[in-house]
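Okay, so we've got the same protein chain twice, two forms, each given alone as structure tokens, structure 1 and structure 2.
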Structure 1
Amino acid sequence: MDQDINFDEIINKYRSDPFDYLDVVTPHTGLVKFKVSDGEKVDGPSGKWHHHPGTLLYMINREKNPKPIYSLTNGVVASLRRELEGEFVEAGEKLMTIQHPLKKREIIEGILQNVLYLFKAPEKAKYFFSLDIQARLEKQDDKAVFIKPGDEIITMSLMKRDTPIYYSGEEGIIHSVYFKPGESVKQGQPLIGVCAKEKLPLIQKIITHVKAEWS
């Protein structure tokens, strides 16, 4: 991480383009029928458990098995490939992009995820801290729990099988926790963000700066 981080540059980058761009690609081959148009607003999943699907984006039909594909985030449809309407497409074909407007929290998180070491979920499962880490998190001050490679930090729970997860990555302080006990985490999503102790003030400076500058 660069100690001489240029706050203005980061802020200006997000000011000029405060969006995330999510490409929507086909999960498998099939005939495509669009349900949205370019410029249309779409919603992501909702409900306490995210069990209500987002806006229906398109249907893909392979051998009489029509499958609805819903938006995974809110935003606006962009770059829709209307020429593929009714066409048979390959798996992995990009159909459109969802332009997702970023909130302040997402911007801070985006910056942090660039500067922290992210330890990611090995499988889609539920996770909880190991007893030792949990006790230290409860006992020690916020952002004071130090971990190093090889430490048993988290337990992965899947079908009532508990698997200890050992930390691999840069040693440092657990700065951010991205999971809640009892909620599923998808494979590859970050579980924790770790930074070297001496970099903590810098991280805090970034957060304060973005909070102050971003309206």
Structure 2
Amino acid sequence: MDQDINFDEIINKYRSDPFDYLDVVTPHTGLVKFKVSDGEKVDGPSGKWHHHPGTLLYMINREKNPKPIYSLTNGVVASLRRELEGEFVEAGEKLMTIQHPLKKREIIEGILQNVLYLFKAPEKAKYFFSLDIQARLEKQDDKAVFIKPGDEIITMSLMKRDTPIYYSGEEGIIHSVYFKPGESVKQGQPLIGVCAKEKLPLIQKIITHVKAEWS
């Protein structure tokens, strides 16, 4: 992470385009029937456990087996490919994009993922902090757990086998945690974000600035 990071450039990027764009693609082949229109507002899952599905986006029918596909986030439908209505499509076909307005927390997290060192999942598996790291996280103040290369920090659980994962990034403090223990994480997804101690003031400056500017 560069101490001379262009802070204004990062902030201006979010000022000009405070959105995330989620492409909606087909999970398998089938006939498509849309349930939304371009420009329509949609909602993501709701409820304590996200047990209420989001807005119904489309149905895909394969071998007389219709499958409903719901929105995974809130936003507005964009770039809807209306020409595919009633057509047979292949798996992975892009049907539309959901333009999702970023919340303050999401803007902060997006910026941090650009400036922290991200330690990523080596495989698709379930992950847990090592007993030592978990104990330190529970005992010490937030953002006070220091790690260095070679430390055993995480256990990977795959095919009923637990494998210790040793840290291989720059030394620093665990600033952000991106996984929930015991939940499956895709390969390449970040597990933790690490910040060098001397860079903490810069991180705090970013967070304070975003909180002040975005409602």
Partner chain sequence: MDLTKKLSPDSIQQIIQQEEIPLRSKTFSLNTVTEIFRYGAIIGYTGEHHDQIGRGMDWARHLIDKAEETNLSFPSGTVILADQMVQSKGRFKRPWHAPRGGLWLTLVLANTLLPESQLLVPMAAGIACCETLRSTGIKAYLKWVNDVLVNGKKISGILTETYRSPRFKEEYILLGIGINVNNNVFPAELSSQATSMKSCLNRESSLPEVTARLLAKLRWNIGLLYHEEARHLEIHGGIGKNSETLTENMNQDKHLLLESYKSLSDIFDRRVLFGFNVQENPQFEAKVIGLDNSGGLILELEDTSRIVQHSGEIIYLD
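Just so it is clear, the model here is predicted, and its values are computed rather than measured. Rigid core here is just the name for the largest C-alpha set that superposes within 1.5 Å across the two forms. Residues are numbered by position in structure 1's sequence, first residue being 1.
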key: Between structure 1 and structure 2, the form predicted in complex with its partner chain   = 1
task = Establish whether a shift of 2 Å or more occurs at the C-alpha of residue 82 between the two structures, with the two forms superposed on the rigid core.
result = no
request  = Would you tell me if residue 151 moves between the two structures by 2 Å or more at its C-alpha, with the rigid core held superposed?
outcome  = yes
inquiry  = Using C-alpha superposition, tell me how many degrees the smaller rigid part swings against the larger one between the two structures.
reply    = 19
query = residue 118: how big is its Cα shift between the two structures, in Å, with the core superposed?
reply = 3.1
